Ligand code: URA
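The chain below stands alone, shown as structure tokens; this is the form predicted alone.
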Amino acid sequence: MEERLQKILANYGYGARRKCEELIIEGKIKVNGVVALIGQKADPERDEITINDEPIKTSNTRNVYVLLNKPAGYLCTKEDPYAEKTVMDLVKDVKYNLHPVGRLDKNTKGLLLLTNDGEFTNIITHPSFVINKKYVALIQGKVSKNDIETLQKGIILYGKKTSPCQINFRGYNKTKDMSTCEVIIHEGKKRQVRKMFASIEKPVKSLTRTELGPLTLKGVKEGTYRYLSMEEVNALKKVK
């Protein structure tokens, strides 16, 4: 059965449809030896579909969902020839074609999802999908009540004001001149939490995502992972 290439690629775990469209635009996808075009259809049972001249993997079609406790120093990318370490190094023993769902920047730790389900990724990362993301931030300097009120109202980031968020002050270490704050946002703008505190001249020294919707890091040590149950997957999809 013929389907659009981006849907086929998403179904076989090559990322959300938008990511798969990028692969086509970049000329990395071929159908029967010919560079594919956006909007093109194919039949994976009949046509030879390749990515970087390698046949796409169609045998492992079971959808799997992994919760990883990402350490600092790992890039959230499926492949990068210049990256010293990527999150894929931490899930090498998972025999499925996983990709990260969204991203954490290189120096941010904590909860990251990976899957081979492109449609799931498309749902979770779509701008219309509202899901709380909780972080614990270690911040240089003393964060004041006024600082918190300013950030909670939103700041201008990438030319647009961020949505209101919740910040809970958890303490100040006078000796180290460090504040600890819990930050809850539902957007996913690049380096958002770090840029929020940078806007009040209070740089983030350490950042960990501890929760994503109903999911937590409980029982998952740094650098390790666990599989999600279908109940957890369905609960995520239902978050509003």
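The numbering used is simple: start at 1 and walk along the sequence shown. Because the structure is a prediction, the values reported are computed rather than measured.
Below: the form predicted together with uracil, not depicted.
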Task: Gln192 within 4.5 Å of uracil in the model of the complex, heavy atoms - done: yes
- [ ] Using a 4.5 Å heavy atom cut-off, state whether Asp105 contacts uracil in the model of the complex.
- [x] yes
Open item on the list: Under a 4.5 Å heavy atom criterion, is Tyr74 part of the interface with uracil in the model of the complex?
Closed with: no
Task: Touches uracil in the model of the complex: Leu212 (any heavy atom, 4.5 Å) - done: no
Task: Interface stretch in the model of the complex with uracil - options 105-113, 143-151, 124-132, 92-100, non-hydrogen atom within 4.5 Å - done: 105-113
Open item on the list: Within 4.5 Å, heavy atoms only, which of Leu68, Cys181, Ile29, Leu207 is in contact with uracil in the model of the complex?
Closed with: Leu207
